[in-house]
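First, one chain by itself in structure tokens, the form predicted on its own.
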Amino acid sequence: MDSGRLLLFSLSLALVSRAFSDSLIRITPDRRSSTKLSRDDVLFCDSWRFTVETNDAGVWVSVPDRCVQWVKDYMTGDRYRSDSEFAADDSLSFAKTVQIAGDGKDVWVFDIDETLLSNLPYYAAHGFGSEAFDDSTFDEWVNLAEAPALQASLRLYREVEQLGFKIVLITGRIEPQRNVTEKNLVYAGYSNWERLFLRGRADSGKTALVYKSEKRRELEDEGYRIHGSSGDQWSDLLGFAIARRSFKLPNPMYYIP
């Protein structure tokens, strides 16, 4: 991409990103557009989201055309924030039951994208999951290091740390993005993680489920006890070397196997 187009892209994302504070997503749903959804569409899309969130739908590629406005309204409205808060509350209720040994080996694992950081400014400019994913434009967004925190997750992160858990981050981002990822995490309010795993060359071509399972196995081999795990994809949570309890955050915009 030439310098002129890159500058234009960066400015466009910056304008969308300014609709967000550092602590609260502020994209406003288009109420006029949402009224165009028929009752059948609302019912269909709500049930569609249920199947993808529970993994009943299995592999899926994109948001159905009739549900794009519904997903926009959901992701920018009170329901998404409320669902995220409930997931954080349930996670914290479990975390408080764990007896922390005090040897630094009790761990809570977090995914990053759509778990700790929100890429909603990017997806708002790219159809809320209705467009084919483009690695190049998404990497350009990542390099801005401006993704805001998901506030429910930031609260959970801080509270499990205070309880004595060590925080481990396992992301599908690649090793060359380590510096911008760390910069973005700090910008969004995160700190004091024990370990940050990113995909290296040896991880190329692995599914997220296999890659993240292998990183959890590495932790277990080092004597860490994985009590809790938080992610927006089932591939963040399933596989082997899984946590005692895994908590799925809402994300009807995309699926990663």
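Computed from a prediction, not measured in an experiment: that's the story for all the values here. Numbering starts at 1 and follows the sequence shown.
This protein has a second form, the form predicted together with a further copy of the same chain, left out of what is shown; the following refers to that one.
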Exercise for review: Name the single residue among 47, 204, 192, 38 that comes within 4.5 Å of a further copy of the same chain in the predicted complex, judging by heavy atoms.
Suggested key: 47
**Study point:** Residue among 158, 183, 79, 105 with a heavy atom within 4.5 Å of a further copy of the same chain in the predicted complex
**Key:** 79
Exercise for review: Give a yes or no for residue 55: in the predicted complex, does one of its heavy atoms lie within 4.5 Å of a heavy atom belonging to a further copy of the same chain?
Suggested key: yes
Review point. Applying a 4.5 Å heavy atom distance criterion, does residue 139 contact a further copy of the same chain in the predicted complex?
Key: no
Practice item. Although a further copy of the same chain is absent from this view, report whether residue 210 comes within 4.5 Å of it in the predicted complex, heavy atoms only. Key: no
Point to revise | Close approach of residue 235 to a further copy of the same chain in the predicted complex, 4.5 Å, heavy atom | key: no
Review point. a further copy of the same chain in the predicted complex: within 4.5 Å of a heavy atom of each of 43, 83 and 246?
Key: yes
Revision key, fill the gap. In contact with a further copy of the same chain in the predicted complex (heavy atoms, 4.5 Å), from 86-94, 131-139, 174-182, 159-167, is stretch 86-94
